[in-house]
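This text opens with one protein chain seen in two forms, each one given by itself as C-alpha cells under the names structure 1 and structure 2.
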Structure 1
Amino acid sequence: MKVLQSLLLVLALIVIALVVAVIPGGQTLIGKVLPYLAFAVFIGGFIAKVVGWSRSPVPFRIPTTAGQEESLPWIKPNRFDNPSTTFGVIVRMLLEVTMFRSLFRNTKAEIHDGPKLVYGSSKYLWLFALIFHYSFLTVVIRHLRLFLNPVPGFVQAISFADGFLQVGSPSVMISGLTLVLGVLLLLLRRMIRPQVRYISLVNDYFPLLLILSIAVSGILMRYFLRVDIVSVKQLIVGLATFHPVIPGQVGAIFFVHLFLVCCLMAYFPFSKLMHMGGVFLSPTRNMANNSRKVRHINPWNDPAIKPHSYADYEDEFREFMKEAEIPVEKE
C-alpha cells in the first residue's frame, strides 16, 4: 500500500516532467529555473537543519560505550569503540561514516521452541547499505565532470575506474548498475522482512523509488535513448557559470532526469535523508567517554536545585541518631 503510494508519487513526477518538457517554456523552467531553486532549497534547508540542531546544546556527555573503558593502566581500553580521546572519537566517527561500523555489528535474533533464543550474524543490511551509498557517491562524483572545465584529476580517475570494464559504447559505468542494485536490495529487504515492512512509511519508500527513477532515467539516457552529451554539458556548464542556456537537441529524457534530481534535492532537507548530516552530530557517537576525567558543562544546569539538606535531615532524625551513636552536628 505504502509502496504503491510512493510509486504513484514518483510516476506522477515523471509524467509532470514529461509534460512540462514538451510545453512551450517548459524546458526553460526545468533547465534554467528549477535547478537553481532546488539547489537553493537543498543548501538552505540543509544548513537550516544543521544550524537548528546545533542550536540545542548537548547538556550531558552520553556516548554509547561499545568496549572497554580507559581505567587502570594495565587494562587495555578499546580506543575506537569506547574512545576517551578526541583522536579516538575521530576514528570512531570515520569508521561509522565510511564503514558503517554499527551496522556491521548487526545480529539477527530468532526464537525457537524451548524457548530458545538464537543470535546469528547478519551483515546483509550492512552490505546493501555499503553498495548503495558508495555507488551513489561515485555517481555524484562522476557527474562533476559535467560541471567542471577542466575536469579535475580525481573525477577523471574515478570515472575511468568506474568504466574499466570497457563494455559497450559508451562504456558501462559500474556504479550506475550497482546503484540500481543497491536500491533494489534495500527496497526488497524493506518489503520482505516483516519487522521492517511493518514500520515502513511512504517517507521510506518514496526516496528509494525516487533515486531508482533517477538512476534508471540516467541509464536510459546514456545507453538507450542516447542524448547529445555535448548539449548536456553545455546546459550544465551554463548552469554552473550562471549563464543558463537550453541547447536545441537535448532529449525529453534528460529533462525527466534533471527534474527528478531537482525533486530529490528539494526533498532532501525535509526528509530522513538528513541522516547524512545528523550522523556527524549524534551525541552517542561523537563524544569521548571521559566524563569522569574532564568535567562537561551543561549550559542550562540549574544551580537552584539543591539536595534535601543535611541540616533538615539531622533535624528530623537527631534523636534517633544520637541514640544510635551516629555523630551529629548539633547536640
Structure 2
Amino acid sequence: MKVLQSLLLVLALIVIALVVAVIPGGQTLIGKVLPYLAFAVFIGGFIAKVVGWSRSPVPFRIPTTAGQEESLPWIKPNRFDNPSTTFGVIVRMLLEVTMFRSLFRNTKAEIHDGPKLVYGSSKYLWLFALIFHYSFLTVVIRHLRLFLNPVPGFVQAISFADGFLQVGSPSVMISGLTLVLGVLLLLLRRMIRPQVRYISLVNDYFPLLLILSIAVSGILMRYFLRVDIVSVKQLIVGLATFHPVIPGQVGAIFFVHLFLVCCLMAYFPFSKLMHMGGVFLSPTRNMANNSRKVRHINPWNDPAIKPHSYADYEDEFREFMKEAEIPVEKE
C-alpha cells in the first residue's frame, strides 16, 4: 500500500506536468518560474536545516565506536574506526562520505536451530548504495555541460568515460543505466526484505520512485523520444544567466523531466535525502573518542547541584532495596 501510494504520487506529478506543458503559458511556468522557485526552496531549506543542526547542543561525547579505543601503550588502537585525534576523524569522515564504510561493515544476524544466533556478511546494501550514489553524481556532473559554455574539461572527460562503449548513436551513457539499476535494487530491497518493509514509510519509497521517474524520462529523451538538444541547452543556459527563453522545438517529455527535477529539488531539504548534508554534522561521526585522555565537563551542569554517587544513592534507598531483595554493598 505504501509503495502504491508513492507510485500514485509520482504518476500524479507526471500527469500534472503533461497537462501544464500543453496549456497556454504552461511551458513558461515550468521552464521559467518553477526552476527558480524550486532552486530557492532547495537552497533556503538546505541552509535552514544545516543551521538548525549546527545550533543543536551536543554536550556529550557520543561517537560511534567500531574498533579498539586508544588506551594503554601496548594495546594497538583502531585509529580510524575509533579515532581519538582530529586527523583520525577526518580520515573516518572521508571514508564514510566516499566509500560508505559503515555500510561496508554491515552484518546480518539470523537464528538457526539450537537456537543459535549466527552473524554473517551483508555487503549488498553497501554495493547498492555505491552504484546509486556514484551513478547519480556522474549524471549530475554530465548535466553541467548544459549550464556552462564553454564546457569545462573535467565535464567532457567524465562524459567521454561514461559513454566510451559507443553503443549505437547517440552513445549509451553507463551512468544512466546504472542509476536506474541502483534505484531498483534499493527499492526491491525495501519491498522484499520483511524487516525493512515493516519499517518503511511513504517518504522512503517516494524519493526513490521520483528519482527513478527522472532517470527513465531522461533515458526516453536521449534514446527514444528525441528532443532538440540545442534548444534544451538554450533554455538551460538562459536559466543559468537569468535570461530564460522557451524555444518552440522542445517537446513535452523535456518539460516532464524538468518538472520532476524541480519537484525533487524542492522536496530534498524536507526529506531523508538531507543525509547528504547531515552526515557532516553527525556527532556520532565527527567527534573524536578521546574520553580517556581528556575530561569532558557537561556545560549544562548546575554548580548548585552536587554529584549523587552510588554510595549516596544506596544510603538513601538501602531499606527499600533490602525489602525488594536488591543486593547492597553495605548492610
Partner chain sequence: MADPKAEQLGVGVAKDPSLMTGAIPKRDWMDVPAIFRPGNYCYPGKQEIVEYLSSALPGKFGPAREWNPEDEDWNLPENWKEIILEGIRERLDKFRSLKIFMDCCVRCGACADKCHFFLGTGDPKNMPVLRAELLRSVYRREFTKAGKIMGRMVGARDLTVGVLKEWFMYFYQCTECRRCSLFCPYGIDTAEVTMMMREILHLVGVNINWILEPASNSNRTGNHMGLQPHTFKENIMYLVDDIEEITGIRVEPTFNRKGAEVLFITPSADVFAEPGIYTAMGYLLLFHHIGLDYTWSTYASEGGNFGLFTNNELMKKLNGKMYAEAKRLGVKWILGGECGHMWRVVHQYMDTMNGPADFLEVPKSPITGTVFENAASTKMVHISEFTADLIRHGKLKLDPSRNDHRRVTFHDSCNTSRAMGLLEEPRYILKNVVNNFHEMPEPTIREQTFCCGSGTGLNTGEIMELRMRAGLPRANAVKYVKDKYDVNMLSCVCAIDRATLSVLMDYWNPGVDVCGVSELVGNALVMEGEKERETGLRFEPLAGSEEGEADV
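For clarity, a rigid core is taken as the largest C-alpha set superposing within 1.5 Å between two forms. Reference numbering: structure 1, starting with residue 1. Here the structure is a predicted model, which means the values were calculated and not measured.
Q: Could you let me know which number goes with the form predicted in complex with its partner chain?
A: The form predicted in complex with its partner chain is the one given as structure 1; the other form is structure 2.
Q: Any chance the CA of Leu281 moves 2 angstroms or more between the two structures, core superposed?
A: Comparing forms between the two structures, the Leu281 CA shifts below 2 Å.
Q: After the core is overlaid between the two structures, has the C-alpha of Ile326 moved by 2 angstroms or more?
A: Yes: Ile326 shifts by at least 2 Å between the two structures.
Q: Rigid core fitted, is the C-alpha displacement of Val294 between the two structures 2 Å or more?
A: Yes.
Q: Cα of Ala304: shift between the two structures in Å, core-fitted?
A: Ala304 is displaced by 2.8 Å at its C-alpha.
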